[in-house]
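This document opens with one chain alone, in structure tokens, the form predicted alone.
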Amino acid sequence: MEEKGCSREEVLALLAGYRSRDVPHSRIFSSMCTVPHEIAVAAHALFVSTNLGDPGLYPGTAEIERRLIADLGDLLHGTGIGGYATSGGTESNIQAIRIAKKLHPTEKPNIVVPASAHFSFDKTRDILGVETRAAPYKEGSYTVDTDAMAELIDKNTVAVLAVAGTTEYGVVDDVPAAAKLARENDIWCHVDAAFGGLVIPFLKNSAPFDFAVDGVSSITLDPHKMGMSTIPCGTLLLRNPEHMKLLSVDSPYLTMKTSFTLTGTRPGADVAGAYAVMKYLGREGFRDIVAGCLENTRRLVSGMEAFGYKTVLPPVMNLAAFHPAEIPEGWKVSRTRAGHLRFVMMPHVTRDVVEAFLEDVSRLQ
């Protein structure tokens, strides 16, 4: 740190220089996050100094969090849903398994997850000391084989996981079958819908994945993905609000004397941003945005197939995977563990972006 500070103009010019080195969203196909909605940015600025880690000081912001959880719970067919706004899917997943472990104490706890499980469950294993057992994909599919899951469950299993909108292929596991296993074994069923939670409800003939499914105990959903909130904003949603008490620790010097979150200090700004987008768009607005993303996904697939690129499977939502092939320089496209090209068609991937990409692909032919 220098002895004397710089002018505001100098600082902002310095930061602008660093920001210019970042990849512009117009070239990014690999991210499940997107450009925040303008109303989220405005709300973020209004609440930028709030701290939900000490909610007694910010009762208005805390009420926004409660309303956000209630509205998301309602969207996911829940009644009286509990939970809180997290830093993202990783925290939500850890906390869900933390509850499951407390509900089912055992010396050697394990969880049964799909092969598609997010890497946050590797962190969960290390932090909570639970064994992670991965069930393979069902043959001819990138969804979990629930029969294989059943074989991995034993007396030390505390939870089973299903994914609704997998990170790599955007498919939805058979949540009813996973939840049935949980009911039969009297264990927790967690659904990781960090990405799909704000896509699947707006699809036609969508697969069942939420609290409408008997046996689903908790759901991860990230508003900073398809909810277009500012980063970071995740949520953990609980069918039974009483289970929040299992996360509680004493916080004697704060206005609220117990804390149930994984992090201490928590921003209220991103929570306000998420709530603002939901209030501004409503279900109709989200339905239109998802429809636009799906239309751009179809255009990408048709264009790529015209150039000889082969899809791994028909897209279920706004994520498309292709067999390995060359990609034009300057575009950020990720690859799955199997090496497949992975395109996430977020709201910032407009029709113009798709056409510009396909134009560059044509030059490879």
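Keep in mind the model is a prediction, meaning the values are calculated, not measured. A residue's number is simply how far along the shown sequence it sits, counting from 1.
Omitted from view is the form predicted together with a small molecule, to which the following refers.
Of the candidate stretches 241 to 249, 172 to 180, 157 to 165, 131 to 139, only 157 to 165 contains residues with a heavy atom within 4.5 Å of the small molecule in the model of the complex. The single contact residue among 114, 197, 83, 89, judged by any heavy atom lying within 4.5 Å of the small molecule in the model of the complex, is 89. For the chain shown alone, residue 26 is not a contact residue for the small molecule in the model of the complex, no non-hydrogen atom being within 4.5 angstroms. The closest heavy atom approach of residue 222 to the small molecule in the model of the complex falls within 4.5 Å. Proximity of residue 95 to the small molecule in the model of the complex: non-hydrogen atoms within 4.5 Å are absent; the residue sits far from the partner. A residue is said to contact a partner when one of its heavy atoms sits within 4.5 Å of a partner heavy atom; residue 31 meets this definition for the small molecule in the model of the complex.
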